[in-house]
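Laid out below as structure tokens are two forms of one and the same protein chain, each shown alone and named structure 1 and structure 2.
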Structure 1
């Protein structure tokens, strides 16, 4: 049995993780902690993997603390920058265990991971590409970590093929063209009634390809979370993206 502690256990995602861990045949809940609880309770004696689902403002400190405690970590909180990731890598290099592991997922939904993968395959064949992410209005970051990751996936594919900048004659937009991430325009929608959705729009003269992923319920993320819990310890260091654990 994999002993799992959940950080952010009283949150919407954290509560779902607690239920998923309790229901799975190969995992058991060690600790369920939330804001104000002492993370030093989490240690290798009671925890194999800690799952961190909180908010971007505290996620880095939580992950660094858990690394210092000597446990492997699966992170679902978004808002990671290159600077924050470098701090995680530095902490892992100085971790109590040489084989310690941290896994960070922009998205745990299998549909979203595959949409990102398909976007990377398609991007080199299209002159234009943009990303639209749509979420509930309680989400605190925009654009989403998933959308940012997809934009980088598209940009990497375009660079590898030698494609230049995308055509765009816009001179003034007042911000309506969205945020430019690695040369890719990313648009964020916040709307009551939505959960988590992403569209990748790719276009050539006379044709368009749309890749869309929809997560209608937070339960859709749980198979991905459990996949990460089962695999993280076999991948020492920092791993980013659930695609690393899929047969793609």
Structure 2
């Protein structure tokens, strides 16, 4: 049994993690903590893995504290800059245990992670590629971080194989062609009723490949969180991205 403590347990995502940990056969809940709770309660005696799902403003401090407590950490909070990641790496180098591990994922939905990975594999074989992401209308940023990531994945694959710019004869446009991210057009739809969805469109003469990931609710992230909880301790140091734990 993997002993799991949840930080941010009263939040919407954290609450889902508490339930998922309780329901899975191979995990058990250690501590459920939230804002104001003392993180020094978390230690190797009661916790194998801490899951941090809070807000960007406190996530770094929490992760550094948890590293100092000697436990492995799975992080779902977003907002990680290169500077923050460097601080995590530095803390890991000085951690109580030599093989301590931190895992950060921008997206825990397995379908979204696979869509991104497949887009990267496929991109070099197609003349054109664009990304359409669709979300609920309460989302404040556009496009989504996942769509930006996928655009870079596509652009990297095209560069690596020597593909030039995509064909596009557009002369007049009032903004409908979307945002160009690393040479890839990205479109963001906001629609009541939706949750989080991404579609990657790839085209050659006479053919199209479409890869679409739909996340209908927060429950869709739990298989990915559990996958991370089960794998984090076997990967010392800092690991970023759920694809690292998928057998692809």
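Note that the rigid core is defined as the largest set of C-alphas that superpose within 1.5 Å between two forms. None of these values were measured; they are calculated from a predicted model. Numbering follows the first chain given and starts at 1.
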Chain form predicted together with a further copy of the same chain: structure number out of two:
2
Using a rigid core superposition, assess whether residue 87 undergoes a CA shift of 2 Å or more between the two structures.
no
Residue shift check between the two structures, rigid core fit, residue 36 Cα at least 2 Å
no
Can you give the rotation, in whole degrees, of the smaller rigid part against the larger between the two structures?
22
What does the CA of residue 205 shift by between the two structures after fitting on the core? Give it in Å to one decimal.
9.2
